[in-house]
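Below you'll find only one chain, the form predicted alone, shown as structure tokens.
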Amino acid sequence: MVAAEGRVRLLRRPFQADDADGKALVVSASGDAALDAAVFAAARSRDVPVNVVDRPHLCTFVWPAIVDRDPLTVAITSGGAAPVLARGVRARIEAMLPPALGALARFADRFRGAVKATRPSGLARRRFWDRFFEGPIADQVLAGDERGAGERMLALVNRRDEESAGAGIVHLVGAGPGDPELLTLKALRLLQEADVIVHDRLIGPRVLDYARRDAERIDVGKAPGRHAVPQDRINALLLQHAGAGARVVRLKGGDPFVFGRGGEELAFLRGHGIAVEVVPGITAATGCAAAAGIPLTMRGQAQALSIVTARAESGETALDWQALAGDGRTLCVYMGAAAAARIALRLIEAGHDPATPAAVVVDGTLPTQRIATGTLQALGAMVAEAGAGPALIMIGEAVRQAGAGSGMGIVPMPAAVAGAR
């Protein structure tokens, strides 16, 4: 059909070496190994770029799989290693991107000058376009109503109240126990929109990969015995950046309101007139329990759940050990590795059975997760057995479900969890 239209010249004869003379590039898709080699040799001898389909070693360039939404183009390439895979990825992206995406890009281009004139600040312009592409006007363009969308766009460009006088906001975001796939959808969206990310040490090592590449990242992580950034300095950082109009994500391991000092930061920022939003995350107790196969509550074994921390500002937390030693509950202890032997002693003195099942989960939900199981009286040794890293201690009859309810051992990460990496 293309030849009939005169757009290409079709020659029905065997290949000749001089066919490569003066060509911009040569492609061979014959499937004949000898012919493909001859085409490659002819092109190479004339310094002409050549691509032999499905034969990466006979290619001086590769064709990317293209998703065309002119003027928006997405190219996928495997470097010639797996062209079929690249085509499969292209098909998935093709299905995800609306056919009218190119029209949306052209529509936005019509208003770039007006947006720049009314919003001289680069931060203000980026926020405008973020709202536009995620908003109803863009949906209207994608639905084919460019005329109606144009009228609404003019009104939006000329309206300044949405800038909120340049006010910033702080999102207190829970990053979960480590596995980036346990981020909530809202947390993921905010990471991709943030101007500044103030993050802890205990977030998973791959979580920041989901953040916007040009966002400023500030590590305020604390390690045992080393407070890299004091809390009052963290508060000041949040105030400084939000006060300058930035969208700030305060990224915390687990949940901001479960031993994350999110309440302190919330009160401080509100006291200084800064808008704050809290985005909950999966806390260590639920995340680690799920990864270890330990039900926190279970009929006939645990009807109550207690979550405590073994560390306070002044040292050891003052806990009601008598209440925590009651039957029919699961006890989860945060930040308790260093005090594990003392915790066991306090609980046993309060009446807890020394043979109560216990588990220590280190690096919960990560590929490096380790679980030591045993009994309450061996808790100190179990922490040593599990090794260094962020640890969660679980005590109670339901913990027996992890495997070895008596005796000590390392339980490997379940195959379903490890295979998800």
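These numbers come from a predicted model, not from an experiment. One-based numbering along the sequence shown.
The form predicted in complex with a small molecule exists for this protein as well; it is not shown, and the discussion that follows is about that form.
Across the proposed site, Gly260, Tyr334 and Val361 without exception bring a heavy atom within 4.5 Å of the small molecule in the predicted bound form. A single residue from the set Val115, Leu202, Ala310, Leu123 has any heavy atom within 4.5 angstroms of the small molecule in the predicted bound form; that residue is Leu202. Only one of Ala372, Val52, Ala391, Met394 comes within 4.5 Å of the small molecule in the predicted bound form through a heavy atom, and that residue is Ala391. None of the heavy atoms of Gly168 is located within 4.5 Å of the small molecule in the predicted bound form.
Taking the partner from elsewhere, Ile343 is found to have every heavy atom lying beyond 4.5 Å of the small molecule in the predicted bound form. Looking at Asp255, you'd find a heavy atom of it within 4.5 angstroms of the small molecule in the predicted bound form. When contacts are judged by a 4.5 Å heavy atom cut-off, Leu251 does not count as touching the small molecule in the predicted bound form.
This chain is displayed without the small molecule, yet in the predicted bound form the stretch 284-292 from 284-292, 115-123, 130-138, 323-331 comes within 4.5 Å of it by heavy atoms.
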